[in-house]
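Just the one chain here, laid out as structure tokens, in the form predicted on its own.
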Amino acid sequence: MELNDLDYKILKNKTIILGVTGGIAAYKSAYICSGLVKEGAKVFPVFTDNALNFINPVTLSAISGNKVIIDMFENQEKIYHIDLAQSSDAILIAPASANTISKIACGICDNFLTTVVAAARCPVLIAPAMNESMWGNTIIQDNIAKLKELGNYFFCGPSEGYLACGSTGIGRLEKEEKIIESLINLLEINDDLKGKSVLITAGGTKENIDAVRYISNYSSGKMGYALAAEAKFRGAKRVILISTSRDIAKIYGTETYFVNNTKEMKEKVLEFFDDIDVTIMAAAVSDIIPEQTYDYKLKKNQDIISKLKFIENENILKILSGLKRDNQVLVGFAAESGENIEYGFEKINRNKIDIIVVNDISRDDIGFESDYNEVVIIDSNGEVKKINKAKKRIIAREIINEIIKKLN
């Protein structure tokens, strides 16, 4: 196997978990392990029980210099599946059986490999190998699609060729060189925001009217949380999430601060802004606020209608655009009824903003409260990029890609 043409510098001193599952292609994991070790990676092999039917663990122990992990409950000084998962730079599963792929997709943690994957926050590269009919099974394909949409699971292969069953078709483990090259690319992506600090706002502000009423909007905060997860995944040294949404699970490794209204959000953003490289204002900040807020409940007989008067709210994005330095990237969102690109251009031109993300909130299948979005990204140079409907984590990836271009 010739690997000399690949750039392996990024592998040096990286900690890689190499998962091996049951399948005839398991013997190829020895070549993959050897290629990684030769270029300085620290490889920790993990076998499923079924892998033992196809390859002797002594082989990978000798190549990697580390004991092959099989037993989930082996006595260790630390909780090993957690400690190893959180200290690894990437997990590579090659070959990956239909069984293991489906377990991961369903959150089943019944062996060390599936448990370490569930506990990990690093990229997971899966190289499937199975019979063509298994690969084409709708359930297997649905599980693969589910993992791809989550944002930190990636696939390499399978390829087409001669299969162990004697037929020819798709399902063959991808070539070792291609798998390692995919791992290198993944590690490079995972390092894109290295050394950078990213601040993101999320959710819809709640502007109090009285002690029990407020005005707000339907923003769930899901887009902001997806951006925070992607920024952390891409290697940002610090991710600050300022959110009005309290019912979404916190993103591991991020600093999360909860606020209620525009005033609180502005104060918290300004607290960090000077030290931030990238600010993404994904929150839906109310355009208007009550002229006066009452600390008691207004009664109908107090002529509630006459007491309700609204004024224009302050614009946090505009305030930041007046404060930003040239080496800071500022991103705004524009929630529009329809794909209003013209307004996006207008908004970016009247402010010192680097990128505007326009999303259509008039559709039921995307936008507010949905797990999906479809956006148009406009940058300050006038370039327009449309991202078709996808999970918000995948949309977040495309937005971060454009931000990285600005940083570079």
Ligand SMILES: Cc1cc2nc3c(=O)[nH]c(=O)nc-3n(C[C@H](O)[C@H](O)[C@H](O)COP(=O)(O)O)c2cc1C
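Numbers for residues come from their place in the sequence shown, where the first is 1. None of these values were measured; they are calculated from a predicted model.
Quick note: we don't show the form predicted together with the ligand, though the next part is all about it.
The candidate site formed by 201, 257 and 261 is entirely out of contact with the ligand in the predicted complex, as no residue has a non-hydrogen atom within 4.5 angstroms of it.
Heavy atoms of residue 98 reach within 4.5 Å of the ligand in the predicted complex, making it an interface residue.
The closest heavy atom approach of residue 54 to the ligand in the predicted complex falls within 4.5 Å.
Proximity of residue 19 to the ligand in the predicted complex falls outside the 4.5 Å heavy atom cutoff. Looking at residue 34, you'd find every heavy atom of it more than 4.5 angstroms from the ligand in the predicted complex. Picking from 183 to 191, 313 to 321, 130 to 138, 146 to 154 the stretch near the ligand in the predicted complex, with a 4.5 Å limit on heavy atoms, gives 130 to 138. The single contact residue among 50, 59, 66, 380, judged by any heavy atom lying within 4.5 Å of the ligand in the predicted complex, is 50.
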